[in-house]
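Single chain ahead, written as structure tokens, the form predicted alone.
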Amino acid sequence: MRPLDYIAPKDAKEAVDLLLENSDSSCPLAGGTDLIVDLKHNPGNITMLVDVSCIEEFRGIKEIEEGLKIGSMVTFGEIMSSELCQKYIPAVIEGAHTVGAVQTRNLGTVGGNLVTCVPSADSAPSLMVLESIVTIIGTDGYKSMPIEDFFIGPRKTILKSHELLVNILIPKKNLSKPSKFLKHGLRKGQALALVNAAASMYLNKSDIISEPKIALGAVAPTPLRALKAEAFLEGKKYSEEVINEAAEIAVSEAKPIDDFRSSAKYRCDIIRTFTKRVLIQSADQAKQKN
């Protein structure tokens, strides 16, 4: 790997300015678990790394009035050990557990995983079913959006070259919402997902489903919400038949491909099975809360 210039800005504004001034030759550095590998194989025009990992604004897990705020530079290890995450968002911890090896989880950041934007990103589905909001900063200041609007295509987000992901907010109304995440890969650990899935829902005492959310990864150009399946579930009485039908609808919304790791047909089978499982396990949690 060729030598690179390195600079560590003191705050978010300085980082944005540096990236803007060197837009053709710079890129932000977070944990580096994806970026350094990419630069070894294809550095392109990159000659400068702008290290944003220590910017205070991008760090920390905090409970605020609006919900639970997770800085983009928070590592997966920090998520797994956080008492706030354990209390409010256990499905996100389940996703964090599946990211790489221990070394990767101790260096890799949730922001980096989202910004890298591979369709199989393990952090995305569990955050999507909790209707997370992402905040980014650029020359025009801060702006926020639903997390699903952050993804545009494979390895492509809405971020411009000088913009940075600041934090992820799980809204207060979704803290402790019953939810579940599952991942299927070619081996148990250190594997890219063939399919990952998450779901969340509430059940009332009559077993009526409300606010169901389903998200899938590695089955389309970006992580996706199964909106038709969610709409089908809303207001239905929980039953095996209803869950099975929702899973079939989720399969129809996905766009899996054939590649060297799996066939599209096999992925469809896993989508069907995992959608059922995450819905059933979310419902089981909801019943325990009633």
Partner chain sequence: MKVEITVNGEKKIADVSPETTLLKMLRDEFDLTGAKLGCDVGDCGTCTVVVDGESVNSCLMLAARASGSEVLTIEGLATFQKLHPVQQKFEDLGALQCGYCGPGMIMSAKNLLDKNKSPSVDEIRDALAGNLCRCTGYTKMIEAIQEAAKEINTTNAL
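Residue numbers count along the first chain shown, from 1. Note that the coordinates shown come from a computational prediction; the quantities given were computed from them, not determined experimentally.
From this point on, the text means the form predicted together with its partner chain, which you will not see here.
Contact flag, Leu29 vs its partner chain in the model of the complex, heavy atom cut 4.5 Å: Looking in the model of the complex, residue contacts with its partner chain include Leu29, since a heavy atom lies within 4.5 Å.
Its partner chain contact at Lys40 in the model of the complex, heavy atom, 4.5 Å: Yes, contact at 4.5 Å.
Contact test in the model of the complex: Leu107 vs its partner chain, heavy atoms, 4.5 Å: Leu107 belongs to the contact set for its partner chain.
is_contact(Val102, its partner chain) in the model of the complex, heavy atom dist at most 4.5 Å: Yes - in the model of the complex, heavy atoms of Val102 and its partner chain come within 4.5 Å of each other.
The unique member of Glu253, Asp51, Glu63, Glu245 whose heavy atoms fall within 4.5 Å of its partner chain in the model of the complex: Answer to the contact question: Asp51.
Contact segment among 259-267, 224-232, 41-49, 63-71, judged by heavy atoms lying within 4.5 Å of its partner chain in the model of the complex: Single hit among the candidates: 41-49.
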